[in-house]
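For reference, the chain that follows is the form predicted on its own, supplied as structure tokens.
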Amino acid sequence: MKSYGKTALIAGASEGIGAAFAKELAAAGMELVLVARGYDKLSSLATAITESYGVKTHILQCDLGESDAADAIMSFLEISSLKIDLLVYNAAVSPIEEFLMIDRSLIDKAVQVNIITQAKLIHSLGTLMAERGRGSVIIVSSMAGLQGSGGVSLYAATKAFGRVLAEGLWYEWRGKGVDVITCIAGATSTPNYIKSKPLKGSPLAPKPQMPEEVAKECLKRIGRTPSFICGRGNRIASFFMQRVLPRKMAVKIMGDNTARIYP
């Protein structure tokens, strides 16, 4: 981490995978900028990190679903004289229902958080990193985005965007000193996942990982690959879904499993 610089920004930091990244980066000695919508959770996390690791933390309450979210973050950084050396974009809106049942306002919110704000923030911070000749961008994606996933079609499509964007930027920026990677996570025991009350899926489906496992593995792989699937069980499942089974069957399996988990 020290080769990138001293300050990391985590978007979607208040809990789950984002909070796990924050703790891992703090353990590596990085100063943190924690961004999320919920102030109380951010404040509690910042206090716990400062007490445990002794690093400086900054919090920014920001709704990443607002059209000016990326600009608001950049203004905060400028006012605070903070230079970001590592960005983790973990935030996501994940509607769990058939596409025609999703309210139009939630479609707008999902696209804004999962695609537009993400792309704008990466463009702004990536420009500054490239000018300095160092930095890193981590995009947290999902196995749902590796193929059509019925029951979470919108979420899956937006997660495919993040993966493809990261892989393209890995190529474009590898000569500029900026490493880009997308972490393709499977089911993870985050507070939001637990609150969704998932039922037991297919007996062949990999068991959910802990957020800390995801963050640790991703940070070990920065600079080595443009994208990776987190967790051995998820990699085995993906191999069969992407390399062995016909595409039609892979899509059906994903849809059937989601229907089983969220009937």
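One rule holds for the numbers: they count along the sequence shown, beginning at 1. Remember, it's a predicted structure, so these values are computed and weren't measured experimentally.
The same protein also has a form predicted in complex with a small molecule, omitted here; what follows describes it.
Interface residue among G186, G135, G162, G151 relative to the small molecule in the predicted complex, by the heavy atom within 4.5 Å criterion: G186. Every residue in the set G16, C62 and N192 has a non-hydrogen atom no more than 4.5 Å from the small molecule in the predicted complex. Put simply, A36 is close to the small molecule in the predicted complex: some heavy atom of it is within 4.5 Å. Remark: A91 counts among the residues lining the small molecule in the predicted complex, judged by a heavy atom distance of 4.5 Å or less.
Interface membership of L87, defined by any non-hydrogen atom within 4.5 Å of the small molecule in the predicted complex, is ruled out.
Looking at V140, you'd find a heavy atom of it within 4.5 angstroms of the small molecule in the predicted complex. Figure note: of the listed segments 75-83, 124-132, 170-178, 153-161, the one touching the small molecule in the predicted complex, with heavy atoms no more than 4.5 Å away, is 153-161.
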